[in-house]
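Starting off, we have a lone chain in the form predicted alone, written out as structure tokens.
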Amino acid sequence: MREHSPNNRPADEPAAPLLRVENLKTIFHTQKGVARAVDGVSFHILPRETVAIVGESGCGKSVTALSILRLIASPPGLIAEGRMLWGEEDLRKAPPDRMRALRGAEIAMVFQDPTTSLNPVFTIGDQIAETISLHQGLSSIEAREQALHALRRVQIPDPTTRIDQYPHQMSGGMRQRVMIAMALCCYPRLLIADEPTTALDVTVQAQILNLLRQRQEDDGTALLLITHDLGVVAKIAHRVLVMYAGQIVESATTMDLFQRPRHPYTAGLFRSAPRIDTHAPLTPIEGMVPDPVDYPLGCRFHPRCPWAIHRCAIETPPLRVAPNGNSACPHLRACWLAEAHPEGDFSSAPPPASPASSEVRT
């Protein structure tokens, strides 16, 4: 079992990114045309850091995660452009044998639905032990002991009994713990968690989040969290990437983003989420995420944006640093209105549709 020691870098030495994603583009060939599911995404993750990716369904969050692990089915999918640097190694160019060795050992993933991710005809102990044997070369007896240890680490009650049970004999929360145990059994340096609390009741959600945070503190694991739940983001994330239509439209520390969203889409997500400190009605974002086969020209959010101006419909805004942000972690946003009015605040209620914005949306 690999041991992780505390980070012993000097306090004033900046950490090198564990993972750097640069201009990632993942496409799918469909009967309707080429779907640009991920279209020019760039970000990094530092050791021991938690980065959350948020956005509506269909924005490219899960495809981004699957691209990092090279789990995109080809055909019809293809990682068309970009680099995914694991240290100095470009995972996009890594041979299949290297990716198989890396998955689970250095980068692990907790998938959204444990019911479809766990094999129903094998016990959970056999499935965890298989991962351990594959990456650590242990005997079946040693791998079973390590699997039992992994179940204890995720606080499975009565692990000596549970290890010989099948997935259908467990609750949804238990199966999710098993998925986390399987992902963490080889002590990866990066854990990707795709909606790890979806379909769980609130008490189990809190237990899973506390578990992830505890394992991160103990093992020094970095976490890439994909979620729709802004409450989960506020509880666990250091930085947030807001994705829309295959692109990152805003990036900031969690505190900066929650205090002052600098993109209309981010502000719309906040207004759509229930809050306990206000009785104001929820305001959904009108419209739907555009079809990745046929994205609109200009800013891809402009057909749904109540602040849209004419430039939004004809020119794509770049991701730029917002003024008065955190110098250590710049606040980035891609919005022409924010460029024209850098002090503008999108967190308030949107203005009534003006003739100009109505014309843009049509």
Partner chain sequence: MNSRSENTVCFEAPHDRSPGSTVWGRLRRDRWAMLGLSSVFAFFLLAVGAPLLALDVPIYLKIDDERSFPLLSELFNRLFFESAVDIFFNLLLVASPAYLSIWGIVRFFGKSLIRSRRHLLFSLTALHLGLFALVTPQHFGGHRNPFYRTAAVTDYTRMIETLKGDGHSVQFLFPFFRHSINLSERGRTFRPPSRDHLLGTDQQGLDNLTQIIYGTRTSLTIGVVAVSIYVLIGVVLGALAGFYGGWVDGVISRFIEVMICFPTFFLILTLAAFVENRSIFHVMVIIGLTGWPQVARLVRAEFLKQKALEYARAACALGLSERRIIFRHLLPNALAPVLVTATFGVAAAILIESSLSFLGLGDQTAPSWGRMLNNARETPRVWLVLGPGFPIFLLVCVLNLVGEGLRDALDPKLRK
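Numbering follows the first chain given and starts at 1. The model shown is predicted, which means the values in this text are computed figures rather than measured ones.
Omitted here: the form predicted together with the partner chain. The next part is about that form.
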- Note on the structure: Here the chain appears without its partner; judged in the predicted complex, the stretch of 261 to 269, 146 to 154, 160 to 168, 78 to 86 with heavy atoms within 4.5 Å of the partner chain is 160 to 168
- Task: Counting non-hydrogen atoms within 4.5 angstroms of the partner chain in the predicted complex, say which of N210, T198, T283, S117 makes the cut.
- Result: S117
- Item | in the predicted complex, the one of M255, L134, A94, V204 near the partner chain [non-hydrogen atom within 4.5 angstroms] | L134
- Partner proximity in the predicted complex: Y187 to the partner chain, non-hydrogen atom cutoff 4.5 Å: no
- Check whether A273 has any heavy atom within 4.5 Å of a heavy atom of the partner chain in the predicted complex, and answer yes or no. no
- Verify the contact flag for T227: yes if a non-hydrogen atom of it lies within 4.5 Å of a non-hydrogen atom of the partner chain in the predicted complex, no if not. no
- So in the predicted complex, does D291 come within 4.5 Å of the partner chain, heavy atom to heavy atom? no
- Message: For the partner chain, considered in the predicted complex: do all three of R100, E130 and M179 come within 4.5 Å of it, counting heavy atoms only?
- Response: yes
- Within 58 to 74, which residues have a heavy atom closer than or equal to 4.5 Å from the partner chain in the predicted complex? L66, L69, L71
